[in-house]
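Just the one chain here, laid out as structure tokens, in the form predicted on its own.
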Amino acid sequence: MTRNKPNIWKYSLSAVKGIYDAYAVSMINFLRKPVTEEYPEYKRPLPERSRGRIILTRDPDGDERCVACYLCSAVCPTSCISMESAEREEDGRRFAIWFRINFARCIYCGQCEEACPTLAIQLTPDYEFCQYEVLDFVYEKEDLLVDHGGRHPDYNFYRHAGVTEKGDKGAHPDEEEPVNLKSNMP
């Protein structure tokens, strides 16, 4: 009965070849001319769908798009979004009394933008904002609200969804009468 002995030379040559290849790559890159980009003067163009600072946009009419549905705060994996909702007396339209994002906790995943039914919350390619204090990363509604519609300037949720902006609830011309839930009981 003979045992197969491992071929030491075969393993030694492959180890030497691996070390040689690694040093060869290092030497090739060592001899190249470095590429330096002067950052504040030259800003590398970002991809179109890059995600940075979050903004709250407005309707074409100038009203806030946010209806405080809490979907963005519910979907946020880091729970960095909080708000409080209210309803206007004159037309019954919902809005956020206060809206707060903690950018120190935000991971810029874009799930809040995807969850927003009114396209109110949008991520911009603006990535250059830093602060010395952590509490300065907490942005309020006034800091986030912009005077334009963002990537969707002509979108109006209330016109698109078919909900009347003024008048009583359930008064839309094409809307059926509300169902009495107690009449459906067995």
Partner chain sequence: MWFLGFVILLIKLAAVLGALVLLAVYLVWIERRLLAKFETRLGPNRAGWHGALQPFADGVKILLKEDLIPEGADRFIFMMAPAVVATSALLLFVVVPFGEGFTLWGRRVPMLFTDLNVGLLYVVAISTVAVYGVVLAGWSSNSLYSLLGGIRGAAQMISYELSLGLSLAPVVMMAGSFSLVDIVDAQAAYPFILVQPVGFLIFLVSTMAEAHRLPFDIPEAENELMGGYHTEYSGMRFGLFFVGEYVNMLVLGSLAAVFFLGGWRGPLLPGVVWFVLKVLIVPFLLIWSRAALPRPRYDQLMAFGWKCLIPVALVNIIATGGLMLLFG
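Positions refer to the first chain, counted from 1. Just so we're clear, the structure is a prediction, and the values are computed from it rather than from any experiment. In this text, rigid core is short for the largest set of C-alphas that superpose within 1.5 Å between two forms.
The protein also exists as the form predicted together with its partner chain; that form is not presented, and the subsequent description refers to it.
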Which listed residue (Asp154, Glu41, Glu48, Asp147) meets the criterion of a heavy atom within 4.5 Å of its partner chain in the model of the complex? Glu41
Its partner chain contact at Cys130 in the model of the complex, heavy atom, 4.5 Å: no
Give a yes/no on whether Gly62 approaches its partner chain to within 4.5 Å in the model of the complex, heavy atoms considered. no
4.5 Å heavy atom contact, Ala22 to its partner chain in the model of the complex: yes
Asn29 near its partner chain in the model of the complex, any heavy atom under 4.5 Å? yes
Superpose on the rigid core, then tell me if the C-alpha of Tyr132 is displaced by 2 angstroms or more between this form and the one not shown. no
Take the rigid core as the frame of reference and indicate whether the C-alpha of Met27 shifts by 2 Å or more between this form and the one not shown. yes
Superposing on the rigid core, is the Cα displacement of Asp147 between this form and the one not shown 2 Å or more? no
